[in-house]
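Single chain ahead, written as structure tokens, the form predicted on its own.
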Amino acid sequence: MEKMIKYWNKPSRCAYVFVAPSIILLVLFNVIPLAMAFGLSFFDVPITMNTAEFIGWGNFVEAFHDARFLNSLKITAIFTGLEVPVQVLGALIIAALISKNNKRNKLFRAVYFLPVICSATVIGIMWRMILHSNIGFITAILQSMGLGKINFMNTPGLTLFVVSFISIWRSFGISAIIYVTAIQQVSPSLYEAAEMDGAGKVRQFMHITVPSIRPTFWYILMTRFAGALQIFDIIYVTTNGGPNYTTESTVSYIYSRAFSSNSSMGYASSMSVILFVIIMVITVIMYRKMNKEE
């Protein structure tokens, strides 16, 4: 027993004990499913998984000739382009405005963070009711202003913007709170010195705050990109990909091909692998850019 305690008493060995649960969960719920998806992508496998025919790169060739899959990639790219800048830059500006610890700012932080703790299902149903073409109060207000009846959830060209807004509203608080925590770690002496030199709030923000929290900026940029490219829950609850697939993201299409009547686990796996490669390439590029700047 004494030898065992002595063996694990070294910090480098003790660290393995603390990270072991995370590594086990990572292997069980990420590495193994990923390996299975890679394997299934080369087979024609029904949802029952009772047969499997090896077809090589057939699923990948079919994916790149599938108009609905290509459309889902385009929708996902547009959604990412709408969501990420607001999450990264908008949250940074809001965080700078509410970073000081006073009662008003604490209230704002709570308001921004409240949607984060709500489930996507609840938020999706709530916004469907708010924006409903017949009973939604926002629709009623717009009608009273003479703007007519707007069907937010069933208008091609508009619905994707509405879904993007709901998704941003839901997760905006987590980005803002992470920024607030980072900004509060910046030494107050830097701001005091800048004020003595006559620097205004904007110059302090651009030349002190932004450079000081650059690692946090890159962290939020990478995680928001990865999250936006995997958007599913809000779309599934609010529009289920409609109307006419104008809000169908890549993950939504993968889900429908995996579990609908036209299911094909092998084909769905091949699209998952393609999406994984896209996310991995973007993440690696951002990570290398971050390390270069650091």
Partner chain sequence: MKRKKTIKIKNIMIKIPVFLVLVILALLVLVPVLWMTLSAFKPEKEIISWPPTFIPNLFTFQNFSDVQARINILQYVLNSVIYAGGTTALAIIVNCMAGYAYAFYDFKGKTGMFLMTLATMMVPFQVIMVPLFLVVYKMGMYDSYWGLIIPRVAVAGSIFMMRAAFTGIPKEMAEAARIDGLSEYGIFWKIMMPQVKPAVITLIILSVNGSWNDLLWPMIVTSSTKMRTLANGLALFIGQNTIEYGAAFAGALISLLPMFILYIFGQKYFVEGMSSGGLKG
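Numbering follows the first chain given and starts at 1. C-alpha atoms forming the largest set that superposes within 1.5 Å between two forms make up the rigid core. These numbers come from a predicted model, not from an experiment.
If you look for the form predicted in complex with the partner chain, you will not find it shown, but the lines that follow are about it.
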* **residue 63, heavy atom within 4.5 angstroms of the partner chain in the predicted bound form** => no
* To do: Examine residue 70 and determine whether its closest non-hydrogen atom to the partner chain in the predicted bound form is within 4.5 angstroms.
  => no
* With the partner left out of view, is residue 205 within 4.5 angstroms of the partner chain in the predicted bound form by any non-hydrogen atom? -> no
* Classify residue 259 as contacting or not contacting the partner chain in the predicted bound form by the rule of any non-hydrogen atom within 4.5 angstroms, answering yes or no. => yes
* Asked: For the spot marked by 34, 37 and 136, is every residue within 4.5 Å of the partner chain in the predicted bound form through some heavy atom?
  -> yes
* the partner chain: the contacting residue among 217, 152, 112, 79 in the predicted bound form [heavy atom, 4.5 Å] -> 112
* Asked: Where, among 152 to 160, 186 to 194, 207 to 215, 96 to 104, do residues come within 4.5 Å of the partner chain in the predicted bound form by heavy atom distance?
  -> 96 to 104
* **Residues within stretch 125 to 159 having a non-hydrogen atom within 4.5 Å of the partner chain in the predicted bound form** => 125, 126, 127, 128, 129, 130, 132, 133, 134, 135, 136, 137, 139, 140, 143, 149
* Return yes or no for residue 20: a CA shift of at least 2 Å between the shown form and the other one, with the rigid core superposed? => yes
